[in-house]
Every structure is written in C-alpha cells, then in structure tokens.
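Below, in structure tokens: the form predicted on its own, a single chain.
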Amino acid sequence: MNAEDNHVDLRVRRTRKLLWEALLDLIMEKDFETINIKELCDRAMVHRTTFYSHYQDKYDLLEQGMQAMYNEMTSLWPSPEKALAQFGWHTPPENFVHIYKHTAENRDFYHRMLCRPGVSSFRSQLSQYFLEYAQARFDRIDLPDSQVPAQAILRFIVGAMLELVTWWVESERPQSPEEMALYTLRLITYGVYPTLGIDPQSHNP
C-alpha cells in the first residue's frame, strides 16, 4: 500500500469511527428507532453524502459496528472446544474470564447493547456464542436420560450467562472478571441450591 492509499484508508477508518461513536452516544439518549441520519451526521460532524458513501442506512451502520466489536471480542478467545480442553470443575474456562474482561474494557458499548431498549441484535450475537459453547460442552459428555429436553437445558444456560453479563455491566462491576467467571461456572455446574449450600432434596422449592 502506497502513502496515498494509506492516507485514504486512515480517513475511511476515522470517518467510520466518528459515525459509530456518534451512534453509540445517541443510543444512550434515545431509542434507536427514533435516531435519524441528520442527527448522526451532526453529532459526528460528517457530511450526509459522506455517510451514504460508507453505509446504506443507520441499520447498516449498527450492524457493521456490532459485527466489528463482536469480531474483536471473539478473535482473542479460545474456541469452545479449546476452552473445554482446559475445563476443570473448580477453574472456570478461559473464555469465561475473557468475556468478563472484554466487558470491563468496553463497558459503555456493552451497556448500550445489552441494557438499552431497541438494540437486540448484539444480544442475539452474544447468545449465539454462548450457545455454541454450551453445545460443545454437551457434545463432549454422555447425557443421561432426562425429563428436560437437552435443547431446553442449553437455552437455560445461555439465558443465565447472558443475564449474568448484563447484570454485571449494570451493577458497575463490583466483582472482578475472574470472580464472575468462577460464579458463572459454579451456577452452571452445580445449580442455584448447591451453590447456596442447600440440599435440594431436603428443601422445598
């Protein structure tokens, strides 16, 4: 890449960064559906024609921005299979820790994507990652016959993990990523009652 191409590439990245940050700021102020292109361009100090040279509409901006953050998030994580190879009953998988560390480092983004109304796509992406992890775990073990379908159990685990991350973001992260990863492991592995030290067989639901 020559100097001119590099300059153009830097200008493109800067413009995209300004528009993405403007969108995130506006999402904190109002519902995504009410945001218009003029507001985005005014906030980013970018001309309207410049916006349309990069994105089709605000939905395209949102989708590309979320995908870029998701790719960054997962690129440094071990695959579910690799993480499970290091699995221990008292040591959380490495990717559990990475999830909470990335959340801590990008709290504003997670708060906007998980805790604000009107932005559900990123929750879906994160849910899919959790589902892949849980499915990989199930694939490694012989599941006994159960009164609860395996897919119902998987969805329960995914929902629990997603809500734990969301709660941690909303509560200003009083626990460290390592602590949250361990709590997640204990709740998924042992369930609520055993984690509380209660024998489910001797305690009413």
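In this text, residue numbers run from 1 along the sequence as written. The structure displayed is predicted, hence computed values, not measured ones.
The same protein has a further form, the form predicted in complex with another copy of the chain, not shown here; the description that follows concerns it.
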Triplet Phe156, Arg186 and Val192 all within 4.5 Å of another copy of the chain in the predicted complex via a heavy atom: yes
Contact assignment for another copy of the chain in the predicted complex, among Ser121, Gln135, Ser79, Asn106, heavy atom within 4.5 Å: Ser121
Residue among Asn36, Gln151, Thr49, Gln56 with a heavy atom within 4.5 Å of another copy of the chain in the predicted complex: Gln151
In the predicted complex, segment of 60-68, 41-49, 22-30, 157-165 with a heavy atom within 4.5 Å of another copy of the chain: 157-165
Exercise: Lys101 in contact with another copy of the chain in the predicted complex, heavy atom 4.5 Å: no
In the predicted complex, Ser75 touching another copy of the chain (heavy atom, 4.5 Å): no
Partner proximity in the predicted complex: Ser176 to another copy of the chain, non-hydrogen atom cutoff 4.5 Å: no
Contact flag, Arg116 vs another copy of the chain in the predicted complex, heavy atom cut 4.5 Å: yes
